[in-house]
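Heads up, the chain below is alone and in the form predicted alone; it's given as structure tokens.
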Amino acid sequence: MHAIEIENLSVSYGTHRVLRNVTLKIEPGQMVGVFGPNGAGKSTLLKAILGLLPGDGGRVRLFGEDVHAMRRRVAYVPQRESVDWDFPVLVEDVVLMGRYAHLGWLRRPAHADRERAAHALQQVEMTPLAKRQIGQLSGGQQQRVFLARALAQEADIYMLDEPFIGVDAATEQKIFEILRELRNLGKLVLVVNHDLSTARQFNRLILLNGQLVAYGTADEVFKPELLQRAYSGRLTLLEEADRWIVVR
């Protein structure tokens, strides 16, 4: 069964159509990078899959079911700019929020939920800062905390929107390491990223520019003609040895 099935999906903001007739099927156990220029609909695609944006047409199904029935199986890490970092909440409480999908109405987190949240913090190497207010952290530390919240959810699909913006090299490496572990556990990992130099970190790529330009392995997608189509000629490609270097 496919983890995500998208059929003829179109999404608009007002009169502006952002996505047009996207059809795509993605299996579990993949780490998928979503690439394309600014305004290509990358973040919109994630939000539409989550059911946060209504489509003009088409259908999205997760594991063969309606999106809203499967939301607890999807963990989402939004862009940092969409988060109110001044909200007075501790790091450990942010991570514990990842357990809420498993709790019923009025049910308080149990000891097992707190243990799972603590383990997620340990995975991203943020345990020493558990009692720190979230706004006091650096950008990279904040990103690690939100990844820990997603890990605490114990989902089957992990969706991250630009998780590498504002992080240092060590944090980027750690995030990729964790995402590969999730993939190896059979999870589906979907990552919006703007940095084409990381393309080969993913075993599948989605190339978008308002519509689906290509989906496949890096060797299948990371080709001059497809990149030029996606980026509308706004890239210069230099071939060096057996790889392409992208110069904006």
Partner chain sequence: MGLFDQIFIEPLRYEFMQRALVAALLVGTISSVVGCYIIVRRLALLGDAIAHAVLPGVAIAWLLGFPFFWGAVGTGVLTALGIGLITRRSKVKEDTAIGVMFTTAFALGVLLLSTDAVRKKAQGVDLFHILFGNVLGVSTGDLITIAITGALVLLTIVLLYKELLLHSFDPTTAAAIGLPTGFLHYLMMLLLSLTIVASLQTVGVVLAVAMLIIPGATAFLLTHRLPTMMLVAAGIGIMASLTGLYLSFHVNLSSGASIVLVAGVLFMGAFFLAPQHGVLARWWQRKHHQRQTQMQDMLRKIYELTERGTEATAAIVAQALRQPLAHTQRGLRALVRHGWVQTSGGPQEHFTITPKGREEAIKLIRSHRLWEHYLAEKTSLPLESVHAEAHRLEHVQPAEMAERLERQLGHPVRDPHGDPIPTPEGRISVDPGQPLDRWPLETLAIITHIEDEPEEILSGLLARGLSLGQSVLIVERTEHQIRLQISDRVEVIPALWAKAISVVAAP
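Numbering follows the first chain given and starts at 1. Fair warning: this is a prediction, and the values are worked out from it, not measured in the lab.
What comes next is about the form predicted together with the partner chain, which does not appear here.
At a distance of at most 4.5 angstroms from the partner chain in the predicted complex, none of the three residues E162, I165 and V213 contributes a non-hydrogen atom. Partner contact region in the predicted complex: 45 to 53, out of 24 to 32, 45 to 53, 205 to 213, 184 to 192, criterion any non-hydrogen atom within 4.5 Å of the partner chain. Contact annotation: Q136 falls within 4.5 Å of the partner chain in the predicted complex, judged by heavy atom distances. Residue contact with the partner chain in the predicted complex: I178 places no heavy atom within 4.5 Å of it. In the predicted complex, the partner chain stays beyond 4.5 Å of every heavy atom belonging to Y158. Of the heavy atoms in G140, none are within 4.5 Å of the partner chain in the predicted complex.
The partner is not shown here, but in the predicted complex the stretch 87 to 103 reaches within 4.5 angstroms of the partner chain through a heavy atom at F87, P88, V89, L90, D93, V94, M97, Y100, A101, L103.
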